[in-house]
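Listed next as structure tokens is one chain, alone, in the form predicted alone.
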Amino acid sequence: MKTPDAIVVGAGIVGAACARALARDDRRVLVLDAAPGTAGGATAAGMGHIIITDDSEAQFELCHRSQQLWDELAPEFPVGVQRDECGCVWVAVDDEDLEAAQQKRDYYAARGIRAEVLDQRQLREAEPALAHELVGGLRVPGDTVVYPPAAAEWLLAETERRDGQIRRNAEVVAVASGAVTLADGSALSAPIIVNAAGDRALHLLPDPRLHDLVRPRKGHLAITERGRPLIRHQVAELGYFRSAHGANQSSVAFNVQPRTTGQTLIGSSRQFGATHRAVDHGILARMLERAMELLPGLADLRVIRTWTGFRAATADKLPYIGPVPGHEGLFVATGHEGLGITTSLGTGGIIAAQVRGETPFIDAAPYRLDRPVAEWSVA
């Protein structure tokens, strides 16, 4: 291709979304990725839920706007993206959870998000296969599901359609203003560089003080054989929020998703400190046991595949999106942890607006790289 106007490092869902957003501004975009295929990192290990969360106002804003963008794009998706308007049910295992569901319902309602609290009977009607002792839940009908690798591939194809290029097997070892360095020692230049390399993104920057702002957090997934679906919605326990955003060294929580293929996708686990991709059978067993406890029918299904991935986590649970201070034309988009699929399109929109020199559609200050550093508190 001709000299690119922008280089995006990383072809996962966040990098793909940034590339598409830049290409839509008529920029020639070159995407570089170390993997030989599509979405080989955290994107391949994501459940693909497009959800709104309320961990903080900044997180809510990014999720909400991103979900709107996903909904707007839906008519353009090919069948392979497997978009499912299944909604999400957050189940309560006790009265404390049910109170949390009511608080979430009120929070969402105040911001125009449809959500309804389900009592025990209504939960049984919505999802008959769930454990009978569950006391209720929160249904959010606007939440959806996509198949992340296919969604990333579509975003990249849209970039290529606008004169962009994707280069696989291109490992980047350093980024700086106007240039990236590859593992073979060669360098590529462009006036705009977007570093979306997941949990290793900040390690590519020249300032070592930034390296520890993002840490890898390992997760496991399992998928069943095809068969009769057990559930209609994506179903997760309200305790998932504590697991996903807590400081524990390792945790598991019930999170199960119906796939359009007739399979059931089972999560979720989180581990700090793990560096190998091999399945941790102890963690996997805990995750499956929790899933079968709340959805007993899973015990009758055969798991045909298990795998792992590493989420890019930050101490304050917010991603880093925006310019790298002191490095003109260099931007970063990382640290989305378990919300990378949801927030990818919003992230791309923020980056594209900042590259244009415009104010993004939401306040981007909470995601800036030079915000006050939160302390890691991993127990």
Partner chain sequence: MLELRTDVTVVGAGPAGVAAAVEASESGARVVLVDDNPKSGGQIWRQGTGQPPAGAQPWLRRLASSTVEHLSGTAVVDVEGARSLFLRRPDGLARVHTGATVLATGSRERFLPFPGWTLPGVMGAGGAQALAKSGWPVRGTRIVVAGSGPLLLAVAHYLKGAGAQVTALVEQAPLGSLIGMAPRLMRHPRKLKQAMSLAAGIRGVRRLYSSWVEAAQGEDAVSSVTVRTPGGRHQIECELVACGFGLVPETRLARLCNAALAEENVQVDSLQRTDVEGLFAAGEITGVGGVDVALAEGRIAGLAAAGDVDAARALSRVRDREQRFAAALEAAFELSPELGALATDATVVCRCEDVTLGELRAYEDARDAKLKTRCGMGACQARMCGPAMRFIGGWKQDSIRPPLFPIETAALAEISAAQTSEAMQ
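Numbering follows the first chain given and starts at 1. The structure presented is a predicted model; accordingly, all values stated were derived computationally and were not measured.
Missing here is the form predicted together with its partner chain; even so, the following discussion is about that form.
A.B. asks: Just checking whether Gly326 would be counted as a contact of its partner chain in the predicted bound form - the rule being heavy atoms within 4.5 angstroms.
C.D. replies: No, Gly326 is distant from the partner.
A.B. asks: Please determine whether Glu153 contacts its partner chain in the predicted bound form, using a 4.5 Å cut-off between heavy atoms.
C.D. replies: Output for Glu153 is yes: heavy atoms within 4.5 Å of its partner chain.
A.B. asks: Considering only heavy atoms, tell me if Tyr107 and its partner chain come within 4.5 Å of each other in the predicted bound form.
C.D. replies: The answer is no: Tyr107 has no heavy atom within 4.5 Å of its partner chain.
A.B. asks: Counting only non-hydrogen atoms and a 4.5 angstroms cut-off, does Arg114 reach its partner chain in the predicted bound form?
C.D. replies: Result no; Arg114 lies far from its partner chain in the predicted bound form.
A.B. asks: Work out which of Ile231, Leu284, Val93, Leu210 lies within 4.5 Å of its partner chain in the predicted bound form, going by heavy atoms.
C.D. replies: Contact residue from the list: Leu284.
A.B. asks: Could you check which residue among Arg167, His203, Arg277, Arg161 gets a heavy atom within 4.5 Å of its partner chain in the predicted bound form?
C.D. replies: Only one option qualifies, and that one is Arg277.
A.B. asks: Picking from 122 to 130, 184 to 192, 68 to 76, 284 to 292, which part of the chain touches its partner chain in the predicted bound form when contact means heavy atoms within 4.5 Å?
C.D. replies: Careful reading of the contacts points to 284 to 292.
A.B. asks: Go through 115 to 150 residue by residue and record those having a heavy atom within 4.5 Å of its partner chain in the predicted bound form; state none if no residue qualifies.
C.D. replies: Heavy-atom contacts within 4.5 Å come from Tyr147, Pro149.
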